[in-house]
Ligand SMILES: Cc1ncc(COP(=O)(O)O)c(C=O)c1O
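Shown here is one chain on its own, the form predicted on its own, set out as structure tokens.
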Amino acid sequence: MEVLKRTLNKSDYYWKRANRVIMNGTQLYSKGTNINVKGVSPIYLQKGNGCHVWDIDGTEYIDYGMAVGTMILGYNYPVVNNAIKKQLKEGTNFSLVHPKEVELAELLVKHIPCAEMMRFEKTGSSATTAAIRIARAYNGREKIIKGEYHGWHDWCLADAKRNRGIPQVLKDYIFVGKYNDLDSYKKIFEDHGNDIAAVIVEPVEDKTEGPSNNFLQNLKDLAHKNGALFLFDEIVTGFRFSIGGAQKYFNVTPDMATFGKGMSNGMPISAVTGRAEIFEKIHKDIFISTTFGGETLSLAASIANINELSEKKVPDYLWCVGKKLKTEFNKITQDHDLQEYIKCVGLPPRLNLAFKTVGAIKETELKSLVMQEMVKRGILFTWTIFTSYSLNEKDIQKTMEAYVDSLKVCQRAVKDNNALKYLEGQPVIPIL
């Protein structure tokens, strides 16, 4: 497969400008240069259509980042675009509430098992933060057991390495449970059970094959036994695993759940949903309020998006196409005798290429080498492989052709016990 003739001149030009006026040069670390091979990968994207994007220098790529998982239908999707255009003519934000707030809320109640009442937010982090505040208000407790990652706010990152600016006292209120390890949660409850307000967990964490040994239901039972609420962070899994989220797919209904990325096909909106009894108990004693929570373009986009997901049975397609991708990736890896070090993991709606250290080659170096060779052939990978409704057989075939060539380079690197020799840019750097 031919390597594309590309230039990154405009990307480099804008990146230099950005670093003079924007902290870290980006609004989202998951879009920054550290997650790609700087010097080889494009930095700025200009436009998109379906699952294809064009960088600012005019090169076309098949995109598996899909705007950090938000473009579940695809870029420039007509049904959602038309809903936004129609609403734009009537107005984007008003002095009083808008009917679409009610329409969207009723739609979520229809599809999501735990959703009886809700509040809208603009980001996943703000939705999970609202959920935590509601949980603390509900049972008068303050400590939280969390999973790997639930946003950038103080309550969540108090224990992270990059926690400058967060009061250190907050570390005493946060505990981390290990996914699929119920004993790790039991130990925390044994030590702090009477103080735990809630357990919040992603129903499927990144790079896992989903819950095992009835983990989610057992964790819910454990939380309730100790008087804590049980929360799902469905910012990523929501609308991908089913219209009703992973909770519907796995048939485990939490007390509350947050949704975001797949909710509106790229527009800024999120939601904290849950049992009506929880919201009704605390609403007079809690303050959660945002000027743009009722912004109408995102409401219109979300309604159109969810209806399209339902009508076209999009989650079923994501399971199907994701399964094909995973099978093809792992077969090619095995054909090149690299299965010990590279593996496509995760459930089909949310995949990842996982890497291991081989000899003197660090896993981040091996990952960087694959990402470099793929992007040179027109395949854009970031931190997670997100399938979309726009991904088709032709796109998959091209992706696998690029992957075959990429692994040939990896074979040479493993033989030489040196990946840096083949890297043309800077290796990726973990965000946290």
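In case it trips you up, residue 1 is the first one in the sequence shown, and so on. Worth saying up front: this structure is predicted, and the values here are computed from it rather than measured.
Quick note: we don't show the form predicted in complex with the ligand, though the next part is all about it.
Contact annotation: residue 149 falls within 4.5 Å of the ligand in the predicted bound form, judged by heavy atom distances. Residue contact with the ligand in the predicted bound form: residue 404 places no heavy atom within 4.5 Å of it. Using a 4.5 Å cutoff between non-hydrogen atoms, residue 235 counts as a contact of the ligand in the predicted bound form.
With a 4.5 Å cutoff on heavy atoms, residue 261 counts as touching the ligand in the predicted bound form. Shown without its partner, this chain lists 226, 310, 125, 352 as candidates; in the predicted bound form, only 125 has a non-hydrogen atom within 4.5 angstroms of the ligand. With the partner removed from view, the residue among 202, 121, 295, 255 that has a non-hydrogen atom within 4.5 Å of the ligand in the predicted bound form turns out to be 202. The stretch that touches the ligand in the predicted bound form, counting heavy atoms within 4.5 Å, is 227-235, out of 78-86, 315-323, 227-235, 160-168.
In the predicted bound form, 383 is the single residue of 381-411 with at least one heavy atom within 4.5 Å of the ligand.
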